[in-house]
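What follows is one chain in structure tokens, specifically the form predicted alone.
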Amino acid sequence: MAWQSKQREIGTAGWGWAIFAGIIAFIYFFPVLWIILTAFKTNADILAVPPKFFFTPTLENFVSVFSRSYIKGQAAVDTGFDRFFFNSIFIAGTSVLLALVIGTLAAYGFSRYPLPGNDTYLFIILTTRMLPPIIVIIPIFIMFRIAGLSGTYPGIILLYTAFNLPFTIWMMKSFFDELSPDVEDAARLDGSSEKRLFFKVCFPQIIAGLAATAVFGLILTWNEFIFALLLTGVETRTVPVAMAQTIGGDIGVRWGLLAAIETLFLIPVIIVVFVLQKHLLRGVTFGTIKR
């Protein structure tokens, strides 16, 4: 009886913590939920006082995102979102992929073949991420102008890759450090080359780390605004810059259009996180949980 009573107490406490966690999660998620609801409202429902939680949904805001259209007498606006959306996917995806490839190889070298002063080199790499982007924007802007990279895909991709590399190297080095060198030594004794050792022994064990690093790198690049605003052109502009430019003008802020763009902007990151979710928990806890 005492055991059953203890189990009921544990079960009650578990439900209490679950409800508490659900309330906190709802508070944090509510702004995102409100943006999604706004994307399905008419302009009258958006500006209604008090705010409307129950309304007749409409898709006119999403139609306006991809086409030049009139909404209740307002002027026509060509958002060009399809091009900006492609730019964000292409630039973020390419830069994160390059950072993963270069950063993983560099992290493997730092972990398995340390040089004299290895910690100093790693600290110097980390210092490139210590400064806010606004501090270095002037010299980068000048370099881009001199090199002819302003408004080009290679320019912004190389810049994002450079800023993602320190994070990638430090993350992936921690994963390589957690791998047992005994397995690698055994593979060397069996005649495995260093290339085969990396791809057949080490690489399969760091998939979770790659997934976690890719998600964090994608979020940082996907939401970046300062560099995209100053270093991209009309043809290479990304969604965050395009969203900022929908604010203002003669017709004022079109909240429905802005909310629809933001809702669509959330979808790729949600898809990536959903696809990689089975690796994320292991990736962010690697080294703290022994299997």
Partner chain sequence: MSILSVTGAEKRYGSINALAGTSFEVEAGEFYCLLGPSAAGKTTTLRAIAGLETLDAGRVVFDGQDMTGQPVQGRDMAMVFQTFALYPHLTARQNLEYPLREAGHDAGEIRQRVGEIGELLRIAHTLDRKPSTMSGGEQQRLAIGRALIRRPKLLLLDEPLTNLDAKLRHDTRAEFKRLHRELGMTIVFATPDQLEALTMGERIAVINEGWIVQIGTPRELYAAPADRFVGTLVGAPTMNLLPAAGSDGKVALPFGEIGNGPWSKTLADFPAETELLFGFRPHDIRLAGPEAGPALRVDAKVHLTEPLGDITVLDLEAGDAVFKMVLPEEEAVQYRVGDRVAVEINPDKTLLFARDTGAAIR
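Every value quoted in this text rests on a predicted model; they were computed, and no experiment measured them. Numbering follows the first chain given and starts at 1.
Only in words, not in the display: the form predicted in complex with its partner chain, which the text now covers.
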Contact test in the predicted bound form: residue 205 vs its partner chain, heavy atoms, 4.5 Å: yes
At the 4.5 Å heavy atom threshold, is residue 200 in contact with its partner chain in the predicted bound form? yes
Its partner chain contact at residue 100 in the predicted bound form, heavy atom, 4.5 Å: no
Should residue 178 be classed as touching its partner chain in the predicted bound form when contacts are defined as heavy atoms within 4.5 Å? no
Proximity to its partner chain in the predicted bound form, single hit among 149, 187, 218, 210 (heavy atom within 4.5 Å): 187
Heavy atoms within 4.5 Å of its partner chain in the predicted bound form: which stretch in 85-93, 149-157, 210-218, 188-196 meets that? 188-196
